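Quick setup: one chain, the form predicted alone, written in structure tokens, and binding and motion questions come after.
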Amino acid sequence: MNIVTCFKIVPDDTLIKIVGDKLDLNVPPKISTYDKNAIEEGIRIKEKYGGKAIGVTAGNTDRKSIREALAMGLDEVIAINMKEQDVMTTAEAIAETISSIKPDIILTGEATTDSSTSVFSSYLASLLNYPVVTYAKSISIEGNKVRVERNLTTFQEIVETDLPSIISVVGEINTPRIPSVKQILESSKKPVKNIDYNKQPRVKIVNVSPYVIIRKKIVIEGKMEEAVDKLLNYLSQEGVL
């Protein structure tokens, strides 16, 4: 079975700070959070059903992050260098790259932590003419069928489709493994194929600025009934009620 796991290398969102009216994005890169779950699931499918697990990343091709993905258990990584990208162009780059691999299953995270569009898997599915199943919390494969339990927050749904297919996973599907020292050392021997992709994106990010909430810091005092009346009057004046 050919398993492809797509992952994106993004700025570490836990280290991003607000400086004035801008975001300081000069922070170390990392594998996007839910994409680690996709990597873990791809490795688990390989371990259970056999085959080869190939990672594909586009945009930032930070070598340390790629080695982390290889240390987790991917067999190889294809790194697509893109100076500029949007979701559609990224999907086009990856579709062109993996079409010759003819993957049986393609895994992605439900969203990346930098843009959170959640539409990449659907774009890629439309380009490859694969069925797509989103928000998977469990995956099982039998023959040419894949059975997916979806987490749609307020309810669960079980769907079945044919392979090949694309599946985006949620964080609760697994706990990504932490590579051992031996696996980290061995990851340097695994192949990394670099590809340049220079197509101009249709959407360009002009500026990134933080959403700042200015609190009014109003304190309502008095006995409970009096305070409630004051609160209701204030909310009414503000147009909230």
Partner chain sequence: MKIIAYSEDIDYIKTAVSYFPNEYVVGISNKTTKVVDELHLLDDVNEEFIANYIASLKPDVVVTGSTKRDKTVAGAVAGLLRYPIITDVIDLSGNKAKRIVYSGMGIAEIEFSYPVVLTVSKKNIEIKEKESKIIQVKTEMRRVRRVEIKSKGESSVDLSSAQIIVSVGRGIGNKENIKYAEELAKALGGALGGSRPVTAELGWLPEDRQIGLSGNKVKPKLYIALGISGQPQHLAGIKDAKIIVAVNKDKSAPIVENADYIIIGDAIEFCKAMTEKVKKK
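Note that the rigid core is defined as the largest set of C-alphas that superpose within 1.5 Å between two forms. Predicted model, so just to flag it, every value in this text is computed and none were measured. Residue numbers count along the first chain shown, from 1.
Another form, the form predicted in complex with the partner chain, is not on view; read the next lines as being about it.
In plain terms, the part of the chain that comes close to the partner chain in the predicted complex, with a heavy atom within 4.5 Å, is 209 to 217 out of 209 to 217, 48 to 56, 64 to 72, 182 to 190. Although the partner is absent here, Met1 is not a contact residue: none of its heavy atoms lies within 4.5 angstroms of the partner chain in the predicted complex. Remark: Asp114 counts among the residues lining the partner chain in the predicted complex, judged by a heavy atom distance of 4.5 Å or less.
The closest heavy atom approach of Val159 to the partner chain in the predicted complex falls within 4.5 Å. For the chain shown alone, Leu152 is a contact residue for the partner chain in the predicted complex, at least one non-hydrogen atom being within 4.5 angstroms. This chain is drawn without the partner chain; in the predicted complex, the residue among Met88, Ile139, Ile98, Ile80 with a heavy atom within 4.5 Å of it is Met88. In the predicted complex, the residues of 22 to 49 lying within 4.5 Å of the partner chain by at least one heavy atom are, in order, Leu23, Leu25, Tyr34. A displacement of less than 2 angstroms separates the C-alpha positions of Lys64 between the shown form and the other one, with the rigid core held in common. Taking 2 Å as the criterion, Lys216 counts as shifted between the shown form and the other one: its C-alpha moves by at least this amount when the rigid core is aligned.
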